[in-house]
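Quick heads-up: it's one chain on its own, the form predicted on its own, in structure tokens.
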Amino acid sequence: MSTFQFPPSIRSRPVYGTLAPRPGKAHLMIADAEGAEAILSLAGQGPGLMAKTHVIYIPKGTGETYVDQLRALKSAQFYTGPTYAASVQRIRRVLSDAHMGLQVYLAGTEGLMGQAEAEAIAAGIPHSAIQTEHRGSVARRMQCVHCKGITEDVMTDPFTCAHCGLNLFVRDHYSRRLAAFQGVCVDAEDPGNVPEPRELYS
């Protein structure tokens, strides 16, 4: 099982639940990596659910592990994309074509869920119609508050900004608009005094 219990944190930090089928004429499921496990579990709970569902899946490091199982669910539409960036136009198209009552299910990494949720909200999907379930990696999508650059899949604290090279402290402060946590320079007052990086949640 690829679940993780996040420790209590500040109010801005997202809280995730467990996907459950809801009534609706159409459903959109977006997942990456081990998020496929949540979709597979969800599909078994709702008879007829997948016949009304568009699945968008990004395997990331899991390769073909889940692809055949997801395809076997016989959803109305099934798409696999190499990256989120390569899949976002399809996500936007599905959301722009959606009718009232669309149910959105997001599963996998925090980066995937945050970005897809922001797209859904921008398209007018009410927050109450969006469910999230974390599965797999606890890596974070981080924004440097100094240069505004985004570093994907951050696993250590502190980490080096991929854009400006500053050593950043991994904070729990989260921007839903940017779908990213905020990183602040860890040695601003004492340049070079950088703590030894450690793995998140270790």
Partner chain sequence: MTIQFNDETFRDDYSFRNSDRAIKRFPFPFHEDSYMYSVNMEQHRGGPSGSVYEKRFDVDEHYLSEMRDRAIVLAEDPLRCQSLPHMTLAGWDTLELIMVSKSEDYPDLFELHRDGSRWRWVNKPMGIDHTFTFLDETTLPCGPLEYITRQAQGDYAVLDQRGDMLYMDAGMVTTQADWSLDFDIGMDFFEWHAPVPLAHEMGIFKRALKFLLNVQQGAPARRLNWTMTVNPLLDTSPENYHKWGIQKTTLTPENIGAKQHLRVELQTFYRLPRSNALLFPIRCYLIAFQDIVSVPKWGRRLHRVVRDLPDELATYKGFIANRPMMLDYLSQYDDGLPTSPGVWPDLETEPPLQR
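Positions refer to the first chain, counted from 1. Just so it is clear, the structure is predicted and the values come from calculations on it, not from any experiment.
Beyond the structure shown, there is the form predicted together with the partner chain, which is absent from this document and is the topic of what follows.
Candidate spot 22, 25 and 42, all three in 4.5 Å heavy atom range of the partner chain in the model of the complex?
Zero of three within 4.5 Å in the model of the complex.
Looking at the partner-bound form in the model of the complex, is residue 191 within 4.5 Å of the partner chain by any heavy atom?
Close contact exists here: in the model of the complex, residue 191 approaches the partner chain to within 4.5 Å, heavy atoms only.
So, residue 12 and the partner chain: in the model of the complex, are they within 4.5 Å at any heavy atom pair?
Heavy-atom contact with the partner chain at 4.5 Å: present for residue 12.
Is residue 137 close enough to the partner chain in the model of the complex to count, meaning some heavy atom within 4.5 Å?
Result no; residue 137 lies far from the partner chain in the model of the complex.
Touches the partner chain in the model of the complex: residue 181 (any heavy atom, 4.5 Å):
Result yes; residue 181 sits at the interface with the partner chain in the model of the complex.
Quick check on this chain: which one of 175, 160, 156, 65 has a heavy atom within 4.5 Å of the partner chain in the model of the complex?
Spelling it out, the residue with a heavy atom inside the cut-off is 175.
Go through 137-145, 45-53, 30-38, 65-73 and give me the stretch that gets within 4.5 Å of the partner chain in the model of the complex, heavy atoms only.
Among the listed stretches, the partner-contacting one is 137-145.
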